[in-house]
Ligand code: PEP
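Quick heads-up: it's one chain on its own, the form predicted on its own, in structure tokens.
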Amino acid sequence: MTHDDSATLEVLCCCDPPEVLDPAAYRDAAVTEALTEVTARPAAQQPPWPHPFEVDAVEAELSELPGLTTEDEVDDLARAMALVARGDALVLQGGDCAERFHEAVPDLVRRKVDYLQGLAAMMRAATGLPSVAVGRLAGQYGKPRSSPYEPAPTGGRMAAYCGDGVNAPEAEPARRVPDPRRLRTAYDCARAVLREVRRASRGKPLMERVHVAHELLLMPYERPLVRAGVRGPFSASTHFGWIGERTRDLGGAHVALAAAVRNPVGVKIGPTAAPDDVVALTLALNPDGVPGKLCLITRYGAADVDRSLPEVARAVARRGAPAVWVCDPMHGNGIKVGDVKTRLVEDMLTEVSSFVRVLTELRLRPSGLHLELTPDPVTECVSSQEAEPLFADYRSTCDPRLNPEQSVAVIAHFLDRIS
């Protein structure tokens, strides 16, 4: 066990009992039916677990634990997202690329929550509209990867880092072996993070609270945390879950999961998404046309957004189910400087401009942003104006994040374009 892991367990053992316990979080017929459909479909981007029986044991354990989020909390976010869908609010989704277990401590969580609330307040002040703050918090412990393996420092190969919920980021083959017990640690860390999120939101009006979100990726974690609600099955792993660019197969388990729960959900849309496929996704994920139920999170990249977005947006407007349009200007703009993964701020600004212009021309509403960001003064994203980028403070274990100055610049650019 590393020092970071020991510190995390110490914090978790010292935590007060969770504010929300739901011992009646049982499986009813609707949940069983929904999970049967999810389990029957292929699930992309699952780690190469070495011992499937250990994964099954952890999944069974998670199914007996209290849900992390409550049905009322999910409904609160659904009401807020309905305002976004009507044009009466904006949405800001933001946070770390990959959460770390050792950061599930009150002071660090509170910094992230306060930061998101501050950025949402900036949006409110500029537009006069409420801004729904949705953090990449309390569950962003799994990461899809372009390859399940990468070269090991001493030769051969090792598993790619797939988030703290799967393995460790250190470039050591033994630490990279996927460990299903980490899924249980992910649950405990998410519970600790949610406790602080709730404390920060206590007593605040709905539109000033921070809600939590993560990618619905790891099936052995997501399946057992589906719960029976009064109004139907919901995911008790989060308030808002999204499906990534690599897992949005209409016939896959991730779409089935998102379609089975009442939570507001999102799906990332990139340049490989054909208009007909996106239309089909909207109909599958929001068949009843509920305002705010579905976000289409576009991530085309500055080079492709003008070519790809108009046709997709036009098709969804004509034949698809209602969706909230959100721009992720980061994931389509990754580059490498030497061996360092980074993103150019100028490319992000270009994509934001095109996103707003295309949707406005089609009389659709650009409703918000999805950003990887941090309150820390990191040097992970760069400007093309820098003669030679210096990554003096690069902390992310996966993708580069915006620092506070860059975050404000991107958000201000969006606000200027929609005004």
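Computed from a predicted structure; not experimentally measured. One rule holds for the numbers: they count along the sequence shown, beginning at 1.
Another form, the form predicted in complex with the named molecule, is not on view; read the next lines as being about it.
Just one of 236-244, 123-131, 315-323, 67-75 has heavy atoms within 4.5 Å of the named molecule in the predicted complex; which? Stretch 236-244 is the one.
Heavy atom to heavy atom, is Pro144 within 4.5 Å of the named molecule in the predicted complex? Residue-level check for Pro144: yes, a contact with the named molecule.
Answer yes if any heavy atom of Arg299 is within 4.5 Å of a heavy atom of the named molecule in the predicted complex; otherwise answer no. Arg299 belongs to the contact set for the named molecule.
Any chance Lys112 has a heavy atom within 4.5 Å of the named molecule in the predicted complex? No, Lys112 is distant from the partner.
Since only the chain is shown here, I'm wondering whether Arg175 would be in contact with the named molecule in the predicted complex (any heavy atom pair within 4.5 Å). Looking in the predicted complex, residue contacts with the named molecule do not include Arg175, since no heavy atom lies within 4.5 Å.
Honest question, do Glu61, Arg184 and Glu222 all end up within 4.5 Å of the named molecule in the predicted complex by heavy atom distance? No, none of Glu61, Arg184 and Glu222 comes within 4.5 Å of the named molecule in the predicted complex.
Just to be sure I understand the contacts: of Lys341, His331, Arg195, Arg100, which is the one whose heavy atoms reach within 4.5 angstroms of the named molecule in the predicted complex? The option sitting close enough to the partner is His331.
Which listed residue (Lys293, Arg209, Arg227, Lys268) meets the criterion of a heavy atom within 4.5 Å of the named molecule in the predicted complex? Partner contact (heavy atom, 4.5 Å) among the options: Lys268.
Within 4.5 Å of the named molecule in the predicted complex: residues from 196-226 (heavy atom criterion): The stretch touches the partner through Glu215 alone.
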